[in-house]
Ligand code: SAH
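In structure tokens, one chain follows: the form predicted alone.
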Amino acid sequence: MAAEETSLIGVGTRQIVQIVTPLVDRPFRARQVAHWVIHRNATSFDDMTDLPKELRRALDTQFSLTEPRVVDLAVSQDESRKYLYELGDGSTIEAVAMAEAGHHTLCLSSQTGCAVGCTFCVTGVLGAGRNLSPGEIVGQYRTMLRDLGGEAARVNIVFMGMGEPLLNTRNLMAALEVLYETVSPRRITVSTSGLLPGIRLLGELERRPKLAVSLNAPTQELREQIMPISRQYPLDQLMACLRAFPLERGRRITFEYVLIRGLNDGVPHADQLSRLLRGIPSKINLIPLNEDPTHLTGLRRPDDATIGSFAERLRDCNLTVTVRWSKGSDVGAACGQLKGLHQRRSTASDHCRPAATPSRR
């Protein structure tokens, strides 16, 4: 069997205990294996030093601890760290660890591309990819955690990397259950472009992550222009779904709003947005567009004065607003930039390769 099929990564404690129990002589040994995998982030069965050598050898012959392989690490001037991973089938993904005050926020990917096609996102412009498995999702978290010192209590997780998480709900839910064993659901956020079936499914979970919605426009017409997914899931239906979403006490829905010069950044847009969100426990993350002249041609970031005016207009309407000054832009790690720099470098490398010499017959 392939390493991914026999891997214990992306599998929770209960399942690990069930899987390895036939190999152990005492029940507590199975729990020890699970503890090493989930809580001690073991990278090999040899690491499990409190297990008998015979058991370690047996585990190694039947199972693996397969993770995505880090093939490049780019460190930004602001200390953000962008990881380029190679998966078992040769696909690549990127994920980011952002340094915050006293902790890190890990931005994980859920797919190898994105079919949603938001016009402001390089990953979306580059096109669709396959779903990541639970092991490939959890593996990003594990490798980053080791790189950052191994303290799960000092990280938050956001599914804001490559892909639309709610197009991969089955594997996302499985990965969440594993992540919950070391990271509280209150420190995990799933961001979506507005897929109603997935939002409803999140709302039915007994333990729910926080919900963020990439909104980016206050009207259906403008949202269709920026986010084609709005044709399938219209804005009025999205807002009705969000108003019905069950929120625990003290929680709010985060609305992400990418500001694009001359398109959605005017004071009238802010007024429309405030009316749209009226009555919903919410906070708004304003994200000035991260420009990419290669993939996002014609789109520009608003100037600081326009960004400030938009934010103040929303605050005047008693809305909670933050401006997310994106981190890691110098290494292509900022919001909406993932895979762009890697794609340009790969294309340039292909162009620089010498043409093959024709064979003589």
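Note that residue numbering begins at 1 and tracks the sequence as displayed. On a predicted model such as this, the values are computed, not experimentally measured, just so you know.
From this point on, the text means the form predicted in complex with S-adenosyl-L-homocysteine (SAH), which you will not see here.
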With the distance limit set at 4.5 angstroms and only heavy atoms considered, check whether Cys121, Thr192 and Glu256 all reach S-adenosyl-L-homocysteine (SAH) in the predicted bound form. yes
Touches S-adenosyl-L-homocysteine (SAH) in the predicted bound form: Pro288 (any heavy atom, 4.5 Å): yes
Although the partner isn't part of this model, could you tell me whether Gly163 comes within 4.5 Å of S-adenosyl-L-homocysteine (SAH) in the predicted bound form, counting any heavy atom of the residue? yes
I'd like to know if Tyr141 sits close to S-adenosyl-L-homocysteine (SAH) in the predicted bound form, meaning any non-hydrogen atom pair within 4.5 angstroms. no
Quick one: is Asn264 in contact with S-adenosyl-L-homocysteine (SAH) in the predicted bound form, heavy atoms, 4.5 Å cut-off? no
Could you tell me which stretch in 239 to 247, 269 to 277, 208 to 216, 87 to 95 has residues with non-hydrogen atoms within 4.5 Å of S-adenosyl-L-homocysteine (SAH) in the predicted bound form? 208 to 216
Knowing the Cα distance between Pro293 and Val75 changes 3 Å or more in the predicted bound form, does it shrink or grow relative to here? closer
Quick one: with a 3 Å or larger change, is the Cys114 to Thr297 CA distance smaller or larger in the predicted bound form? Answer closer or farther. closer
